[in-house]
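Shown here is one chain on its own, the form predicted on its own, set out as structure tokens.
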């Protein structure tokens, strides 16, 4: 009977060469959008409000210039965090609760799976890194 050793990639370089679901879920645009304190404040304001809001309504939440708020909200919309709907010259933003929740939940699941699943080198690789030849 052969013993199967469970090991992870020996180095970060080897791990980076592995293509798994986590790679598709780590979206730089999403993290860029969520990585700014002002954008987080604006997102929290909209989320707590529970309804779509205009740029001027959201700007009342913090001491930031209207044009800056507009750019921040547009970036959040581009990243898929907010939905933007234009009515004439007014843009209404709403939080994409379900979509953002699904994206973050899927990422959390992929990270957990990667941390919990050992690599079986002799069995073709079933963990985060396939067997190297």
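This one's a predicted model, so the numbers in the text were calculated from it and none came from an experiment. Positions refer to the first chain, counted from 1.
Unshown form predicted together with the DNA; subsequent notes refer to it.
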Is it the case that residue 47, even though its partner is missing from this view, gets within 4.5 Å of the DNA in the predicted complex, heavy atoms only? no
Taking the DNA as it sits in the predicted complex, is residue 98 in contact with it (heavy atom to heavy atom, 4.5 Å or less)? no
In the predicted complex, is there a heavy atom of the DNA that lies within 4.5 Å of any heavy atom of residue 51, even though the partner is absent here? no
Indicate whether the DNA has at least one heavy atom within 4.5 Å of a heavy atom of residue 105 in the predicted complex. no
Can you tell me which residues in 28 to 60 come within 4.5 angstroms of the DNA in the predicted complex, by heavy atoms? 32, 36, 38, 39, 54, 55, 56
